[in-house]
Ligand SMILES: Cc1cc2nc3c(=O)[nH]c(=O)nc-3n(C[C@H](O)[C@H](O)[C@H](O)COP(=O)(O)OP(=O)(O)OC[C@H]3O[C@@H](n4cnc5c(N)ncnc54)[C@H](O)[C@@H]3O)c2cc1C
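Given next, in structure tokens, is a single chain: the form predicted on its own.
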Amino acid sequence: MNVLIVYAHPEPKSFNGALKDLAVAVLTDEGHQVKVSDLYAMNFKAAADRDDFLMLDNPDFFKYQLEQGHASKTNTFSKDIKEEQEKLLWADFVIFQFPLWWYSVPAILKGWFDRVFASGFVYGQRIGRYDKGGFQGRKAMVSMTTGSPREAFPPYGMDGDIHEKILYPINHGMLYFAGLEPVEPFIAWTPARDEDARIRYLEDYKKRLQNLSAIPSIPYHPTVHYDEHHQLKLEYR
């Protein structure tokens, strides 16, 4: 299997870095082909702007989504975007490794999604979205660390339900929207506070990586389960 790891942490010696390094080693040992996009090491540009395109369809009025569609048709994305899109086309499985910052992904990773998950490339009128998105047939997994303990993230926890309030916008709104099939996330809760826990997390992650194809997928409704008003049909509620 071809596995792409999109890694977003500024410190190579961090626990996120350890999880990334472990993934590379274990997946390689298992016979997978692995590529890594180390966004901080690459100095990946997070801001979406005019420089993302080699030529503009309408230089007089800049509309980012329309320019993405034009660049998808004409192959005129900037070099850094094209390189990441080529990695996605190569990958069968994508792992996103990051710390949870302000209830979401780090800004550099959000910029990666903004710029790389382009209109006309992963979604659009000709492509579709969700189960019809451009990357159907591929899987993706979130692997992340938290600063708050597990007890803070259940439905009635202080930080909110991590699956519905925090991970849903990522797994459903980004990954599944693009056609990827999200699998159950790997979460390391407050690893900075407990060395024994870090050792256990590395062991657990190794076991998961050794059984990549067996990780359960997150069940989301396909687009046919919704009506013309984008509402879930009664029979599926």
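Counting begins at 1, following the sequence as shown. The structure presented is a predicted model; accordingly, all values stated were derived computationally and were not measured.
Note that the form predicted together with the ligand isn't included here; everything after this is about it.
Of the candidates S148, S119, Q85, Q136, S148 is the one whose heavy atoms come within 4.5 Å of the ligand in the predicted complex; the others do not. Listed stretches are 206-214, 24-32, 54-62, 185-193; the contact stretch with the ligand in the predicted complex is 185-193, by a heavy atom cutoff of 4.5 Å. Highlighted residues S14, Y103 and F153: every one comes within 4.5 Å of the ligand in the predicted complex, counting any heavy atom. Of the heavy atoms in A48, none are within 4.5 Å of the ligand in the predicted complex. For H9, a non-hydrogen atom is located within 4.5 Å of the ligand in the predicted complex, even though that partner is not displayed. Of the heavy atoms in L202, some are within 4.5 Å of the ligand in the predicted complex.
Taking non-hydrogen atoms only, R198 approaches the ligand to within 4.5 angstroms in the predicted complex. In this stretch, 122-143, not one residue has a heavy atom within 4.5 Å of the ligand in the predicted complex; the partner itself is omitted from this view.
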